[in-house]
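Shown below, as structure tokens, is a lone chain in the form predicted alone; questions about how it binds or moves come after it.
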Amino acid sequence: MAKVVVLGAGISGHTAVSYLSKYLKKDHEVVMVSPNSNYQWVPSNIWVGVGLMTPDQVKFKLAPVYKKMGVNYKQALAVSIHPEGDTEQKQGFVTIKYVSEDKKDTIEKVSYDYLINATGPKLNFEGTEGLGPKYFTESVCTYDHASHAWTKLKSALEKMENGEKQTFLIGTGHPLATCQGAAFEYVLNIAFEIKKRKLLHLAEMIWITNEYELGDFGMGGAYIKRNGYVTPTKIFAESILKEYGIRWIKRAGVQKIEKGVAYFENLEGEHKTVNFDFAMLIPGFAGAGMKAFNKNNEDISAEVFAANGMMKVDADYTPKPYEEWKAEDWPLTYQSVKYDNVYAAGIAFAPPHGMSKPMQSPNGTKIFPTPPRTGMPSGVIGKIVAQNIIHTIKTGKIEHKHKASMASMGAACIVSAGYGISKGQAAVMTVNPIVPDWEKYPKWGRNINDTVGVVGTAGHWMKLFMHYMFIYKAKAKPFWWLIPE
């Protein structure tokens, strides 16, 4: 009997554990370690943040689902990994600390034959002074954050209904933040709600971003097919913001927040401020903060993890200038560089480099988006990592039949505003591949036939449909495996 331990019940970890439990069945043990008691469908947090959904509509309890799957679920935080064991046991293990009420603060060693690190990111609000729901800005990164954001947003809307002008600042809250897409969707939803209430004359809406040009989205931008012609995502994003009456500040690295004021540096090295009444700014991401130790209990974290705390996998981490970045630098199997039975899936793996061109102000401040790995890529990576482990367990052969480089993987992003069947529209963008490959596609960097952008109601319906479809899949209801990641 083999034992597979998965750390993290986000999109990637939950996907991995779903496939492991289905195909290994009761012949082997599958363990999920997650501090969260709920699964959340993160893309729909945007709707919670504008009051169109409740947190209960985007989450469900993990325990009953894992019981149905036959997964051993431990509601705990992974503290450290010990791939070589220690002086007491030879087998690799993870040290976990329970957060559940019945075992709170209990420490346990969980041994494994295979380990999938899918811990996702630490939301690094501490990286920007004054950032986050505990201080002066909002977030939509979790359903709790989104619910808090809606409370604050509702208050701002009520002030406008009483004739008071309000300034909304939405975007990235750190010079190296990613997930521009989520923030972009949120600002469009706020604009939609303000317009619906006929309060546009009392609103100033500002998009602030670390992108060099709008539409970069951490992917270095893209050329997309739209209405029969090819256009850069810069034009695509600018035209959408203009349509909604949103002005923008680009090439901005937010460095500090005080009540009603955001301090930022731009790529010219100028230090500026922008005032706000309501702000939602995405924080920087970091690794979950786990340590790694060898059998002598020596700290080997620097060998297992990159400086940002993400796990190093089968990528080419050789430092090289932007002009020498290649598609083959990106990982295929997500196997640890140091341990064959350890993998990192989703946001937990360390990318070899960015996709956006690194930019730096004259003061030395790096201001550019780090690469996104959320949503669809996370699900796909979780699936292929599970499939390779299943293959190894069943055949005894350590080989990787399944690969999923982000440099050969397509992805779709739906930025929807509004809610319901008839009230809403969306900008839909597909890219293939996610990481541009200028050698294979020298003209556009991607397959232009698969890289398209469309604005309309159909995309909005698709987003709504996907909400219910992916929650159905995550609950492991009948034939869930037929639904793609």
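Keep in mind it's a predicted model, so treat the numbers as computed, not measured. Residue indices: 1-based, along the sequence shown.
The next section is about a form of this same protein that is not shown, the form predicted in complex with a small molecule.
Though the partner is left out of this view, G346 does reach within 4.5 Å of the small molecule in the predicted bound form, counting heavy atoms only. V31 falls outside the set of residues with a heavy atom inside 4.5 Å of the small molecule in the predicted bound form. Using a 4.5 angstroms threshold between heavy atoms, A156 stays clear of the small molecule in the predicted bound form. Although the partner is absent here, A118 is a contact residue: one of its heavy atoms lies within 4.5 angstroms of the small molecule in the predicted bound form.
Residue-level contacts in the predicted bound form: of V58, A417, V435, I46, one residue has a heavy atom within 4.5 Å of the small molecule, and it is I46. None of C179, I384, A237, V187 but one reaches within 4.5 angstroms of the small molecule in the predicted bound form through a heavy atom, and that residue is C179. For the small molecule in the predicted bound form, the listed stretch (22-30, 427-435, 36-44, 454-462) containing residues with heavy atoms inside 4.5 Å is 36-44.
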